[in-house]
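The chain below stands alone and is given as structure tokens, in the form predicted alone.
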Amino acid sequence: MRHMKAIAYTEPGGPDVLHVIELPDPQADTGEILIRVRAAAVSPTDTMRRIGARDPGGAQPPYVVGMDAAGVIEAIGPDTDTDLQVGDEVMAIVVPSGSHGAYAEKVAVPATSVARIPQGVSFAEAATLPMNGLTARLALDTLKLPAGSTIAVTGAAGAFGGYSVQLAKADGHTVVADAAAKDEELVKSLGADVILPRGEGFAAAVRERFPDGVDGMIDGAVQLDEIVPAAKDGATIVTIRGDKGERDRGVMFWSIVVSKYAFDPVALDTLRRQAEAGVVSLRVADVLPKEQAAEAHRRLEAGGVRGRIVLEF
């Protein structure tokens, strides 16, 4: 049996629980594509899994994390409906479970989770797009606001927040975004119409500019109740950390989980086309060899990373 290298942990803990292990090569079953991974992006969802903040759902160790992979198709399972071919350069969203995750030399995923990488971009750049891009797309689709609406985005300098700003602009919305002073130019370059200081004064600053409040919000900074005053009566705030329910004035929190869009090839391929058209920017903070996964997690948890740190395989 052939083996591959992966980055895994057996017990939750700090970054140093991550280590290189060998696992049997995965196989492409019916409906699946086997990817020789060249790059895997490092995201907060990975660090949350590593510390045990996400339920492993009965899966057994060793645990391999990672939701974003880019690489080359090595095999296509029997009776798989796809126009992709062996040798194509692709990106995929991976839903981790046990030893199945993107931090590995090979990963087999449903064909519906795979799209070609945008033309002219590196594997590292492509690996930053699937999970965060699809989460931003899901956030906007959840708000369901007509073009011309005003949407506020917190955490706008981050990967998810940045894609939310760019996709909201592409949908024809006016975007109000938060930024620290050092990130103002970055957030402006993403297309935000109004940039206000990040932090606890954001909601009050939004109301000064928009006395009735904004039509909807995407809370990438996970400020939750702190930002409710910025929303119009009855508006929806989309969050990524499980908070939901009604607040003052009928403002509603709605929690989203990207796995809802993890098997939507049209949504992923649309992101590819938008990346090729320059509608979304693929931001790589740094590229590290897979053996430095612990360092990548340490840097992400320290805060201030703009774009994604990417591991090379």
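Nothing here was measured: the structure is a model prediction, and the numbers come from that model. For every residue, the number given is its place in the sequence shown, counted from 1.
Another form exists, predicted together with a small molecule; not displayed. Remarks below refer to it.
Trainee: Could you check which residue among 237, 91, 165, 131 gets a heavy atom within 4.5 Å of the small molecule in the model of the complex?
Mentor: By the 4.5 Å criterion, the partner-contacting residue is 131.
Trainee: Could you tell me which one of 104, 159, 117, 177 places a heavy atom within 4.5 Å of the small molecule in the model of the complex?
Mentor: The option sitting close enough to the partner is 159.
Trainee: If contact means any heavy atom within 4.5 Å, which of 94-102, 144-152, 222-230, 71-79 contacts the small molecule in the model of the complex?
Mentor: That would be 222-230.
Trainee: I'd like to know whether residue 48 contacts the small molecule in the model of the complex, with contact meaning heavy atoms within 4.5 angstroms.
Mentor: Judged by the heavy-atom cut-off of 4.5 Å, residue 48 is in contact with the small molecule in the model of the complex.
Trainee: May I ask you to check whether residue 304 falls inside a 4.5 Å heavy atom distance of the small molecule in the model of the complex?
Mentor: Residue-level check for residue 304: yes, a contact with the small molecule.
Trainee: Just checking whether residue 62 would be counted as a contact of the small molecule in the model of the complex - the rule being heavy atoms within 4.5 angstroms.
Mentor: Although the small molecule is absent here, residue 62 would stay clear of it in the model of the complex, with no heavy atoms inside 4.5 Å.
Trainee: Just to confirm, residue 257 within 4.5 Å of the small molecule in the model of the complex by heavy atoms?
Mentor: It does: once the small molecule is placed as it appears in the model of the complex, residue 257 has a heavy atom within 4.5 Å of it.
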